[in-house]
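First, one chain by itself in structure tokens, the form predicted on its own.
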Amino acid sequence: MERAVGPCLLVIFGASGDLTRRKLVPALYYLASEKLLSDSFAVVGFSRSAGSDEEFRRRLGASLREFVRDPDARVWSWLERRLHYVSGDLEDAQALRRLSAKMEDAERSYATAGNVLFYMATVPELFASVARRCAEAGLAREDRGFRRFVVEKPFGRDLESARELNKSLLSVLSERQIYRIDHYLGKETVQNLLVLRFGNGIFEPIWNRRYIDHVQITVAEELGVERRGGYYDHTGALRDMVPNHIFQLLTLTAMEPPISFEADALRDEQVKALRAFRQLRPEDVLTFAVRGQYGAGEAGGRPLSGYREEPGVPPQSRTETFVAMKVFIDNWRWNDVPFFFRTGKRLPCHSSEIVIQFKRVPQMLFRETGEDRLPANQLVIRIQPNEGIALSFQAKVPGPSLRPGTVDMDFRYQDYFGHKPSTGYERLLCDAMLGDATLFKRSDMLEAGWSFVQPILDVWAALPPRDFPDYPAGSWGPAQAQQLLEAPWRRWRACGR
């Protein structure tokens, strides 16, 4: 159900950055337009950039017109007057006192009842510092109302740093105060996985190793690294996408039914799925994981530069821009069913989807039709763009002979429910203010994901790639990605259709 939030003050650390103007403020605008924000709501931005309340409002107003089509002046006016700003450095005690005073003023002016949601829209290196300084200044104490902290990804660079970040946060905050956000879970189609699986009697009985041949997950990006080359080169596709976006999709697809949709019930089942991943030995990494880096190529007749020619990228960079992997989940439901996933930059299209491929039927009935093998049934869950669900199956082609052909049942969200503009952050901001942690990561989920990824990081660090770049921009990645699928009847689905 749509639930309006109660009184709340949102404090954004890193308020002058891209995340605030591109995602957070548009998300707040959409929430305000749906009347899901309380009249007892206000925002205080904090960052190093000098500025006043008026300058802060003017900058964000200009950004809103860039990222929201035809914003309603009345909605923006309502939100604009609730925006306030404090300039300063986290390590400056006076700046934190100014922030505390501004928060008190906002509480008096808007009756926010002492409820505060802190949003860390900063560089990851400052996450622990933000929590520590807030705790030292007494801003994290829940004397009146709640004090919650939203932590953006990445949650560490490897298992050790993830554990260290968790340790640092939990030394000054409780787990229930920490909301580790992954905006992918704000997408309607991702959340619809729960309804698709557990709200329909026809899917869950066949959602297992008896009927499913394999599962594919694709998160493809048509763009390159754009102006983020310096950041991306220290991260790479594996760290950037796999422990968060990919594993969220994988665990929601593979987990057992939770006993309820309460936050911990759902996350308990996700953790069980993560812990059931078959751990990779160093020698397995070369067989089960593929990495790639895009070189020069073209798309639509337009030349595309290679990764090493992007601004901020070293000319001999060994950072991967593509990852494909085969994962097995060692439990009763999924024993010996492979899960394949791939993600990368400069692929042919912008598309995210989950493909459930069912086992093929026996062929003896169709020997006389000239069909050697009938195509397998597929259930395709399109996350973006063209959000929806398609089911392919066999039907008779009209005519005098018995000839089967593949047809699709295709459901599109927009056709049934219309189009509602969103950034993917609306539901998550709303849930954080309501105290619903269902769609946020818990510390054990985070560490379980990094535990699986760590052997891959270690092997790739010890054996630098010799053949980079190994796929042209605009293609579907290196040839080895297809070899992961092994069986001749398995092919990566051509996404973006």
Ligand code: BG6
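For every residue, the number given is its place in the sequence shown, counted from 1. Here, rigid core means the biggest group of C-alpha atoms that superpose within 1.5 Å across both forms. Keep in mind that what you see is a predicted model, and the values were worked out from it rather than measured.
The form predicted together with this ligand is left out here; the points below concern that form.
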Original post:
Does this ligand come within 4.5 Å of any heavy atom of Phe261 in the predicted complex?
Top reply: no
**OP:** Answer for Lys187 alone: is it within 4.5 Å of this ligand in the predicted complex, judged on heavy atom distances?
**Re:** yes
**OP:** Check whether Glu107 has any heavy atom within 4.5 Å of a heavy atom of this ligand in the predicted complex, and answer yes or no.
**Re:** no
Original post:
Taking 4.5 angstroms as the cut-off for heavy atoms, does Asp268 touch this ligand in the predicted complex?
Top reply: no
Subject >> Interface residue in the predicted complex among Met241, Leu169, Met255, Cys134, criterion: non-hydrogen atom within 4.5 angstroms of this ligand >> reply: Met241
**OP:** Quick one: from Arg197, His214, Lys102, Lys153, grab the residue that has a heavy atom within 4.5 Å of this ligand in the predicted complex.
**Re:** Lys153
Subject >> Candidate stretches 296-304, 119-127, 177-185, 247-255 - the one whose heavy atoms come within 4.5 Å of this ligand in the predicted complex >> reply: 177-185
Original post:
Even though this ligand is not shown here, does it sit in the predicted complex so that Arg228, Tyr231 and Lys345 each have a heavy atom within 4.5 Å?
Top reply: yes
Subject >> Glu486: Cα shift of 2 Å or greater between the shown form and the other one (core-aligned) >> reply: no
